[in-house]
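Below are two forms of the same protein chain, given as structure tokens: structure 1, then structure 2.
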Structure 1
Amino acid sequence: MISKTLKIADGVNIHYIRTEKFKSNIISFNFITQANNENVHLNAMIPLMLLRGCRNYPTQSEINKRLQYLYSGVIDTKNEKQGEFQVFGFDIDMLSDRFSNDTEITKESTELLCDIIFDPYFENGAFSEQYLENEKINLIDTIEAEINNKTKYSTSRCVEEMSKGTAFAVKRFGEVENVKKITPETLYEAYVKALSTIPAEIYVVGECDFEMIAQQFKERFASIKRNVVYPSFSQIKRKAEEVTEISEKQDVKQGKLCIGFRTGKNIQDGDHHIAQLFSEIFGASPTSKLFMNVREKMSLCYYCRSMISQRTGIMLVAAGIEFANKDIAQKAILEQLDAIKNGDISSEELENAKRSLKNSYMHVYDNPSAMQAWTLYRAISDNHDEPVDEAKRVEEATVEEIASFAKNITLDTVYFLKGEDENG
């Protein structure tokens, strides 16, 4: 997908994904660093504070008026966990220049984004104390609000339990206690550290003056002395030792079952398409074994699905069920897994999974953000395959490869969220 890459500073690359399909262009600016509890909350705070104001537009309101003027340019802050890595920065979405006859949308939007990243609003040489107090409350609210979505909450609790003490378990916004301790000074240090030491990957997707954009970022980085620290890969746990059972209670109407497995492999071990094919057959599609049996035949749930994380190699199966059905659902899920381990995959199931997976790979080409995300998250794992390459590789896969992938899957953790009045 990438038609051009330029190195514009030490550890900073800008990539052009050229496509004429869309009416807008996007720029995605990503710092990529090791996730750890000392820095994760500070890094999460950086984009939030930068978007509060820059020297040229010192308030949120002024930045947003500028964005409105630039035809509803949208800047989103970004802070994600990809396994052991933290990715933070900004995405900007800009209407294509051809729809305006009075504004150079791409050029002026890039300038604004660069102002926000490189030229913040400071009071007495540090971040505004008032803005920071505000953002701390908001970030704490965001962390505490993770409890609101019970499906997500139960899956992230399961992953947390499975990864205790490793970078994989670090929460993407960090811990409330640590957020409380952020000061204008510690945040400033973290900001300077990000600009001078953290590698950055910038993506431009669309049809626009890439050289102009690259030049703007290059000029901004020129005045910064870079001393880059590259993040390193963590070892994944390849096999479960014993099964951990966890149950928690909340005032909920539906039980949330989340079963965590170790697949023994992550994307760097290669053959990620086999993991994806396995997942299609097992529980990621409406013709999967979990959907057809646990939902359709047994009527136990509305959703029961599997997902595999490409960096951690952890597979989760999540289902919303009646509290009383926990054991029967768990048993049914494990039985379907055993069936695949024993090679119980019909050629029809395999062909269906191949078609469905190819379809979802090819979808990537129709969405600028999906193209950017695909490229970045593969690159983080040193994998540069395009969706079309993966689609080709999928064609070759065999039942034996999938069964042998399945055989290495081990049950690690069973997490269950149930109602306050339930026993046990």
Structure 2
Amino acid sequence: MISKTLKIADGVNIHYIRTEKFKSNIISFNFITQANNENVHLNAMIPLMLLRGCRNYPTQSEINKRLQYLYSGVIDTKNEKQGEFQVFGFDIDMLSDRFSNDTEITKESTELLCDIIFDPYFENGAFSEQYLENEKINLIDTIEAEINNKTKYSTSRCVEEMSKGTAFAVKRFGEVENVKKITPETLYEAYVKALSTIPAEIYVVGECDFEMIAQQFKERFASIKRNVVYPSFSQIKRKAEEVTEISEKQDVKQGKLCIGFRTGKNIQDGDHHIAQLFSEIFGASPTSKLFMNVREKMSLCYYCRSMISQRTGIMLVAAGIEFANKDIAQKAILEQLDAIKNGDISSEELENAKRSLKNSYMHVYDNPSAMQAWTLYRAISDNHDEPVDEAKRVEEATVEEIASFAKNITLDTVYFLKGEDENG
């Protein structure tokens, strides 16, 4: 999908995905660093604070007015975990210049984004204490909302237990206690560190003056002394050595069962499409074995689905169940996995999975943000396959390949969140 790539600073690349398919253009600015508990909360806070104001537009209200002038452009902050990496920055969505006769929308929108990133609003040489206190409340609310969402909490706890001591286990927003300790000075130090040491990948999607955009970012980075520290790939654990059983009690009315597996594979192994096909058949779709059998036929759970992280080689099965059904639900889930290992995949199941995956791959071309996200994810994983290539591989995949993939999967961790009063 990438039409052109330019290196504009040490550790900074800008990529052009040229397409006339959309009425808008997007620019996605991404810092990519190793996730760790010392900095993850600071990095998560940086985009939030930068969007509060810059020197030319000192308040969020003024930034929003400027965006409205630029034909209702939209800037969103981002903070994601990609396996062991933290990706944080901004996405800006703007109307294409083709639909404006009086405003250089792309040029002025790029200037605004650069102002926000490179020329923040400071008070006494650091971030505004008032702005920071407000954003600390917002970030803590976000962290606590994830804790209060027991489905997310249980999957997060399962991954945490499976990845102890590694970057995989780091939470994407960090810990509440660490957020509370952030000061204007410590955040300023983290911001300077990001600009001077963290690699950045910038994506431009649409039909626009790519060279002009690249030049604007190049000029901003020119005044920054860069000493880049590249994140390193962690060695994934490919096989479970023993099964860990963890049970916790909280004030919940529905049990949350999360079963963690090692797939033995990651995206760099080159069979990403087989992993996704397996997941579709096993538990990632409404026609999957987990949905049709464990949920519908056996009525053992309120929901039951699987998800694979190709970056970490981890697969999770998450289910909402009655407390008393834990053992029987777990047994039923493992039986469905064994069925796939034995090649028990009907032609209908295979075709449904292929159709679903091919559609999702080809829909990437229908959304500029999806195109950017696809390209960034694969760049981080050192895998540059395009959606059309993946769709072709999916069409050619066989039951034998899926069964062979499944045979490498080993059970690692069983996490169960149950009520404090299981008979209440």
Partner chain sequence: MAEIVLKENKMLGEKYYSFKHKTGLDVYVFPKKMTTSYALFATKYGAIDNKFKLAGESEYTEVPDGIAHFLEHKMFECEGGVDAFELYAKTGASANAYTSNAMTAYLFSSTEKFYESLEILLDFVTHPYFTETTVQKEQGIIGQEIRMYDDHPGARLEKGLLQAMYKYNKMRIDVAGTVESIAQIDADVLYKCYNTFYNLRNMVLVVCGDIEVVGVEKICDKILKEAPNQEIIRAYDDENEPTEVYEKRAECELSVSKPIFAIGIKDMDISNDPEQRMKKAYAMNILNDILFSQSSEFYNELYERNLISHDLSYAFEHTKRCSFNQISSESQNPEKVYEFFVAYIKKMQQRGIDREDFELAKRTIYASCIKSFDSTEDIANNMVYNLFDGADILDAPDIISSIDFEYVSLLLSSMFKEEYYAMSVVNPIGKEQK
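Keep in mind that this is a model prediction, so the values were computed, not measured. Think of the rigid core as the biggest set of C-alphas that the two forms share within 1.5 Å after superposition. Just so we're on the same page, residue numbers count up from 1 along structure 1's sequence.
Taken from the form predicted together with its partner chain, structure 1 is distinct in origin from structure 2.
Annotation: Cα of A319 displaced by at least 2 Å between the two structures, core superposition. Relative to the superposed rigid core, R393 undergoes a CA displacement of at least 2 Å between the two structures. Shown in the overlay between the two structures, fitted on the rigid core, is a CA shift at V204 smaller than 2 Å. Relative to the superposed core, S347 has its Cα moved 4.5 Å between the two structures.
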